[in-house]
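Next up is one chain by itself, shown in C-alpha cells, the form predicted alone.
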Amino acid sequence: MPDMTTNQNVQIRSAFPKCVRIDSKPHLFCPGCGHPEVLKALGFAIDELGLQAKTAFGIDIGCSLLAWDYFNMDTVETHHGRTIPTMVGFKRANPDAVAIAYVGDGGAYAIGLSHLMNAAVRDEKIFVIVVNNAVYAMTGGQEAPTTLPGMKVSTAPSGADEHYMKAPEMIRNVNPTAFVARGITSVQPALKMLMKDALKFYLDGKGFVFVEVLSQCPLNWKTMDKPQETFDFLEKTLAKAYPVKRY
C-alpha cells in the first residue's frame, strides 16, 4: 500500500510552494562528542521560547564551527577567539536581537580570554556559551587552559601542569550581577532548563549571561570504544574539578 502520510506531505508542500521544509540531518561532530548535546539543549530552549527569528548565533573556529549548518537561524563564523567581540558589536547594532556566542574552552580562555573578561566587566548584553572538554579538540588534543593536572595530552605526554582555569568563578568575581552557571552534557533535562533560564535572564535585559558546559571528547580522551570510561571521566573527574552549579 502507498504511504499515505508521505503522499499527504507531498500534497501539502505542493499546495504551499513558498514554504520551506527542513528535515533533521546528521551532525558532523565525532562519534560521542558532547557538542551536539549542548546544541540540542540550546535548540530546544530557543524553540520553546519562540526566539528563532530574532537569534543571531556566533561560532568560533574549532569544533564549535561545525555548528554553522546545524540550526535554521542567522549564523556567523568568526576568527579564532573573536566570537565574543563580534557578537557584542552585533548586539549594539541590533539591540532587539538575541546575540549568542558559542565558543570552545580554547577560544574563550586562551586567545579570547581578554574579550571574555572585558565583556563580563562591561556587563555586555550577550549570551556566551563555552564548551569545556579540557583539550584543544579539533587540532589534535593539545593542552588547553582547562586541562587538568597530570592529564596526558599531545603536548604534555607526561601529564599537564598543575594550573587550570575556572572561568565561571572568575566572571562571578568581576561581575556580581551576571548570570553565571556551569552545566554538563550528561544531564539533558537540567541542561535544557539551564539554557532556558539563561535566555529568560537575557530577555529581561538583566546583563551579561555566561554558561560553561562540561562536555565529553572521546577522540582526544582516547575513550572512543569505552563509553563508560568517557562518562566516568566527565562526571567523576571533570565535574569534581569544575563543580556543576549556578553561581
Partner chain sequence: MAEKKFLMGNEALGRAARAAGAKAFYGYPITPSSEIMHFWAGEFTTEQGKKDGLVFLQAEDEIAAGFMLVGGVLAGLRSFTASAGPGHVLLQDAFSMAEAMRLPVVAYLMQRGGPSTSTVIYSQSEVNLACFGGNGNGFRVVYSPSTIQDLYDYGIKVFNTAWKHRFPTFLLGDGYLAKTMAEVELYTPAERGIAMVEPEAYLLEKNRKRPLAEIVPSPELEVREDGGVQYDCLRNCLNFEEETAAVNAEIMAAYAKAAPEILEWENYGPTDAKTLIVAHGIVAAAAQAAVDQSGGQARLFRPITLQPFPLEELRKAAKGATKIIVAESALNQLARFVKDALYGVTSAPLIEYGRPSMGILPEEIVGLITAK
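Note that the structure is predicted; figures quoted are calculated from it, not measured. Numbering follows the first chain given and starts at 1.
There is also a form predicted in complex with its partner chain; it is not shown, and the following applies to it.
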Among 55, 68 and 82, does every residue place a heavy atom within 4.5 Å of its partner chain in the predicted bound form? yes
Tell me, yes or no, whether residue 152 is in contact with its partner chain in the predicted bound form, where a contact means a heavy atom of each within 4.5 Å. no
Would you classify residue 148 as touching its partner chain in the predicted bound form, given a 4.5 Å non-hydrogen atom cut-off? no
Taking heavy atoms and a 4.5 Å cut-off, does residue 124 contact its partner chain in the predicted bound form? yes
In the predicted bound form, does residue 164 have a heavy atom within 4.5 Å of its partner chain? no
Among the candidate residues 181, 61, 45, 30, which is the single one with a non-hydrogen atom no more than 4.5 Å from its partner chain in the predicted bound form? 61
Tell me, out of 177, 139, 173, 114, which residue has a non-hydrogen atom within 4.5 angstroms of its partner chain in the predicted bound form. 114
Could you tell me which of 102-110, 126-134, 71-79, 152-160 sits within 4.5 Å of its partner chain in the predicted bound form, going by non-hydrogen atoms? 71-79
Any residue of 75-112 with a heavy atom within 4.5 Å of its partner chain in the predicted bound form counts; write them all down in order. 75, 76, 77, 78, 79, 82, 85, 86, 88, 89, 90, 92, 93, 94, 97
